[in-house]
Ligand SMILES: NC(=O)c1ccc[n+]([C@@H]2O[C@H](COP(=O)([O-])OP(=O)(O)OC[C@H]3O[C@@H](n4cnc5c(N)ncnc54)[C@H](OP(=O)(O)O)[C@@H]3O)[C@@H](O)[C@H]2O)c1
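The chain below stands alone and is given in structure tokens; this is the form predicted alone.
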Amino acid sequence: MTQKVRVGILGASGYGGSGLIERLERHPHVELAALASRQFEGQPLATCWPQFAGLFEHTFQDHESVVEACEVLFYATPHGATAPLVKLAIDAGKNVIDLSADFRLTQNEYETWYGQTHPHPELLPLARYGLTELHREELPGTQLVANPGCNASAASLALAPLAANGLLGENVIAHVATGVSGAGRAPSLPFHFTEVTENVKPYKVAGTHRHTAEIEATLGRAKASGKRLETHRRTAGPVVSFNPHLVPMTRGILATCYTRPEKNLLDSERLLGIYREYYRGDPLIIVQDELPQTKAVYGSDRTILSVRYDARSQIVVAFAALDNLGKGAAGQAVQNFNVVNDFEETLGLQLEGVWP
């Protein structure tokens, strides 16, 4: 019998942490050895997450104890505060899957988009960006995986086949509708129930959302490398106008992306064929004729894609639906863990959505 990997979660009291607990507890090759939370330190798991009462016996510990007890650390902690914690793990010879933004970008990109000096730029060469379907060949055996942002995952998966086939036009627009849980668990006035319900509002538009840099970098590499991004080389990507909208649902993302390619001898059937070929063999990607909807991926770690060609305007419209807490966070993190360790890619993951 294969010896189980001792795994710990830091930031286990956030929504991403909850998703990681659920997936790692059912993973056949994992022993979930320790959980950390500064807010709930010393308290039992069910105090924070009542859905696990009577199922799993854990007490939240301090970060240092979790790093010491585990071989692999999942970080679901805030950007800026995460890099110093990752440094402790790397110095101790541990492997890291980081759900924060601290290792997704180059040092210059990070400091431009996050407005602060990177805490540990010397670790950036170790990091591999973990949008699994596009970076799978880079991940086996790596020590530090940078899990992508949820919005960046949706928009990048929707647009990557176009980039790889030379079908991105001069202008690329990504319109993303996202659920409230993407803002995290900490209370904040804009995300109170009475502020969100019966309301749809744009936020961080016109080039101000930090996930823009991830999308542009991913599409640049897809354009240069085709399907599989076999090196960690950065390539300039297209300029993307990324405009997210907060919608009154708990979880889910629907990305609707637009571009006008220079090639106009297109139709929807040809484009669907390009998408199916691009994602052929990817177990968590569904390319379908029907337009995707968020309810179909609620609680799931899969992504549903579709694409249309508007012959009148000569615009390609690409769609992606995913769960921001699943494929957009914990699900993709565990998927990356599986690839790093040469496990079956879907182990521990949730394939079915919850309906209704």
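Numbers follow the displayed sequence, beginning with 1. Everything numeric in this text was worked out from a predicted model, so none of it was measured.
Just so you know, the form predicted in complex with the ligand exists too; it's not on screen, but the next bit is about it.
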ask   = When the ligand is placed as it is in the predicted complex, which of 64-72, 287-295, 318-326, 302-310 ends up with heavy atoms within 4.5 Å of it?
value = 318-326
inquiry  = Quick check on residue 96: any heavy atom within 4.5 Å of the ligand in the predicted complex?
reply    = no
ask   = Hey, in the predicted complex, is residue 51 touching the ligand, heavy atoms inside 4.5 Å?
value = no
request  = Considering only heavy atoms, tell me if residue 202 and the ligand come within 4.5 Å of each other in the predicted complex.
outcome  = no
message = Against the ligand in the predicted complex, would residue 185 count as a contact residue? Criterion: heavy atoms within 4.5 Å.
response = yes
Answer option from 181, 268, 243, 165, heavy atom within 4.5 Å of the ligand in the predicted complex = 181
query = Looking at 121, 141, 207, 78, which is the one with a non-hydrogen atom within 4.5 Å of the ligand in the predicted complex?
reply = 78
request  = Counting only non-hydrogen atoms and a 4.5 Å cut-off, give the residues of 5-20 close to the ligand in the predicted complex.
outcome  = 11, 12, 13, 14, 15, 16, 17
